[in-house]
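We begin with a single chain expressed as structure tokens, specifically the form predicted alone.
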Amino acid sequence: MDMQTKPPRTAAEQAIQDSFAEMIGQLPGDAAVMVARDKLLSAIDDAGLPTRRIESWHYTDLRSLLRGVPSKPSGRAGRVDPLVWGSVVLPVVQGRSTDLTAPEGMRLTPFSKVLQSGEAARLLTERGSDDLIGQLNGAFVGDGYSFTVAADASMDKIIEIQSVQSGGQVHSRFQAAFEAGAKATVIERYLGDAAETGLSTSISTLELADGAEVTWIILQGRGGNDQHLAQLSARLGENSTLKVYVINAGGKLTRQELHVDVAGEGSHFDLRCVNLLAGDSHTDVTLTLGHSVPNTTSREIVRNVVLGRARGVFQGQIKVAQLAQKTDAQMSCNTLLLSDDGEFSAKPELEIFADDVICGHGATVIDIDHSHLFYLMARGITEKSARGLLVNGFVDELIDEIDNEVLVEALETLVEQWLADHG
């Protein structure tokens, strides 16, 4: 009888097991939580890191790309100013939250306290056998925040979740519930130190009750040597609206997953994603979007700027259930490829089981239009500045959709700074 031999652990796989043995005594949770952690770690060890053979990881062979795993956090990072002055900041510094007083209309608890509650073990689960991010985060998560925005509350101030890391490992989780009619803008911001090598995992779960309106912005600006694996899961109630903006502008290896269930009739989901890729970085954005009820809509636009030897991936899957008549779902991916050595792979998918729908997808890869470049240079603008203007226009169109002028200006400044540093 032929026996399938399990391949030997890679250096990264061995380091994950060693890190767990080192950190387990410091991780919060009761006996049930520890059993759940052990189960998730065993799943990683049994399957190994994902390879190209796993369809959802086909373009991000983590077994090859994840060369090593750093030790536990060193504790040298500190808080920074919020992106928009006056925001409510929820800091996570080297993986540790702060016990804060919540603003009016909001209930707030550090996730370390949630992990110590009697039912916490049910939170540490995986989405499936290929859910490496869920497995890794569930095994190691130590802190983060859980918060609820009360029914009909309108949060006037932006909520900024601020994860600051300088080397080591950080595993965080953020639970957000928006009760009926709640309105809020949340920034999920990741910062790193280019001088250190860090590994971070993060899972955010969003629950939108009927009529909630939420803008959720993910800013990934980890250090140039960092490895960042993140996942956002969201469920939309009736007549709710979720607008997610993702800006990737850092990290050596990044995977951002988004799993969205448009589960309430009359609900709407938007995704606007900007990937700014340079050097020899690898960035993967993977979306699964389910329309499961009638009369729902969604719009997904991904824009990518690729420099150097950078590689990027967008996998977007839209599923329309048989019950979900009158669905209107549109998805597009546009790439500005500014280097002969750079790559970007786009894999759009539609699975439609209803017959009365409007669904579509498209993908383009282009270089800068030389007639536009010539037009600007003919008016005394240098070639570098002209290129910067055209690239800014390519991505700023998405950012301008945000209904907050101060926030738009801050995000456009972030993009301009990235282009100045890498252009």
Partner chain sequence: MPAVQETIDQVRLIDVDQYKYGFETVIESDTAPKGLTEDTIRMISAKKNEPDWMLEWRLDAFKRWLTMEEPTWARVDYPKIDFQDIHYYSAPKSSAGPKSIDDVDPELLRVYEKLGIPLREQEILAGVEKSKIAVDAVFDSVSVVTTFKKELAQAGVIFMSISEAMREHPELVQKYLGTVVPITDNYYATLNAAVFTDGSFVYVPKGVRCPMELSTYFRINEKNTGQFERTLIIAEEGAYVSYLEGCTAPQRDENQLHAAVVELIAMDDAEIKYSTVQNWYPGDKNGKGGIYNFVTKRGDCRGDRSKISWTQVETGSAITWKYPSCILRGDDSRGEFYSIAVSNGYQQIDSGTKMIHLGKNTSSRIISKGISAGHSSNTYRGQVSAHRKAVNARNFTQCDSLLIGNQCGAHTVPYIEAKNSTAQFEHEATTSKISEDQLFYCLARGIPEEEAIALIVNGFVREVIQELPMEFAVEAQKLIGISLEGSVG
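Positions refer to the first chain, counted from 1. Remember, predicted model here, so these are calculated numbers, not experimental data.
One more form of this protein exists, namely the form predicted together with its partner chain; it is left out here, but the text below deals with it.
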Of the options 341, 152, 81, 104, which one has a non-hydrogen atom that comes within 4.5 Å of its partner chain in the predicted bound form?
-> 341
With its partner chain left out of view, which of 114, 352, 123, 263 would have a heavy atom within 4.5 Å of it in the predicted bound form?
-> 352
4.5 Å heavy atom contact with its partner chain in the predicted bound form for all of 322, 346 and 363 | yes
Contact between residue 367 and its partner chain in the predicted bound form at 4.5 Å, heavy atoms?
-> yes
4.5 Å heavy atom contact, residue 58 and its partner chain in the predicted bound form = yes
Just to confirm, residue 287 within 4.5 Å of its partner chain in the predicted bound form by heavy atoms?
-> no
Examine residue 93 and determine whether its closest non-hydrogen atom to its partner chain in the predicted bound form is within 4.5 angstroms.
-> no
Counting only non-hydrogen atoms, which stretch in 161-169, 93-101, 322-330, 182-190 is within 4.5 Å of its partner chain in the predicted bound form?
-> 322-330
Any residue of 205-237 that, in the predicted bound form, places a heavy atom within 4.5 Å of its partner chain | none
